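This document starts with one chain, in the form predicted on its own, laid out as structure tokens.
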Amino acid sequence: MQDDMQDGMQDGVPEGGAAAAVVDNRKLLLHATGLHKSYKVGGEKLEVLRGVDMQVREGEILAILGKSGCGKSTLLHVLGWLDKPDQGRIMFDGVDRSTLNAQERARLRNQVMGFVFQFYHLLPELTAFENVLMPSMIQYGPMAWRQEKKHATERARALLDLVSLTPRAKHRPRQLSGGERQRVAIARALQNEPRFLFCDEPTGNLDGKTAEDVRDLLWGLNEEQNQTMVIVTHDAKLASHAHRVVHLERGRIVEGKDLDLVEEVALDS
């Protein structure tokens, strides 16, 4: 099935250029087809996603670019199995989402997916170190925690060092700046060594210099650890650094207009 999926799945893969060729040759990790999602608002049906097809290959950064309210966050939540589509199919590394029960989906989200949000979603009563450690505590549970605690705490400390926050490890979120909170959130997302990182406007709540620092951190993870990422943003400058860019408009991937924003862009380096 995986070979069949990869054959002919060139939609959303840039053509031409060395970077494009590298992306094209990588393993297809996520494959979504025909995604629809709607909500009831004031008794009326609001269609947010209207038939989205998307593919992401291992080790690439895919940026989903679009204006606020176009459905980017909804698409990210559906792709990351945080929300269920009304219609459509999502395959992750050959596994069909619809074949898994709620417990199995939760386990995969915890162990192979990481999430970074615009507003951090850190637990305010925990320190930075404890926030980073939390995914491992959830993964192992009280019984296995005794055996896994040493490894998990060592990794949490290493990640805080990676994001240059070791001196702030004992600080709670209210004692941290916006950029520091986002770096804690990135470290937390990486705690369980996810194969896939989903980022929802990761720089949208940050000033220019801090946003650049967070972007450099994310791109460094991709270069040094081959971290696969999907990043939704309304910032064309941020998106332009990705291996590929797709444009979401009114719940659909659009092509053939406003090519400076819509067409897929291969990374120069």
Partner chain sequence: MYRLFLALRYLRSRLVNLISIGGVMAGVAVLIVVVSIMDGFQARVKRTVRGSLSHIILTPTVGADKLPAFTVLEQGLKRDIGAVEAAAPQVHLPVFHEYRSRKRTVVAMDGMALHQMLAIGIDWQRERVVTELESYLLAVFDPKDPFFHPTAVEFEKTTCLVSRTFAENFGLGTRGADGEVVHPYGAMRDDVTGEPLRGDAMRAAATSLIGQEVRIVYGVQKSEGGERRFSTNSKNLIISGVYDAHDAVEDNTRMYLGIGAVREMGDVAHEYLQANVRLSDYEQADSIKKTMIGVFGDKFVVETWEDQKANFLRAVNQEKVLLVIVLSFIVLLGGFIILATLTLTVVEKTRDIGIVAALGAGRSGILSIFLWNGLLIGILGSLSGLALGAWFTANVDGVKDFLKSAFGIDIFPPNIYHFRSIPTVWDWPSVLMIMGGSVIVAFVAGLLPALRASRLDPIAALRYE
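As the structure is a computational prediction, the values presented were derived from the model and not from experiment. Numbering follows the first chain given and starts at 1.
Keep in mind that the form predicted together with its partner chain is missing from the display, and what follows is about it.
Comment: 124 to 132 is the region of 124 to 132, 163 to 171, 93 to 101, 150 to 158 lying near its partner chain in the model of the complex, near meaning a non-hydrogen atom within 4.5 Å. Its partner chain in the model of the complex comes within 4.5 Å of a heavy atom belonging to R188. In the model of the complex, L176 stays away from its partner chain, with no heavy atom inside 4.5 Å. Though the partner is left out of this view, D83 does reach within 4.5 Å of its partner chain in the model of the complex, counting heavy atoms only. Contact check for H77: a non-hydrogen atom falls within 4.5 Å of its partner chain in the model of the complex.
Looking at 141 to 162, the residues that come within 4.5 Å of its partner chain in the model of the complex, counting any heavy atom, are G141, P142, W145.
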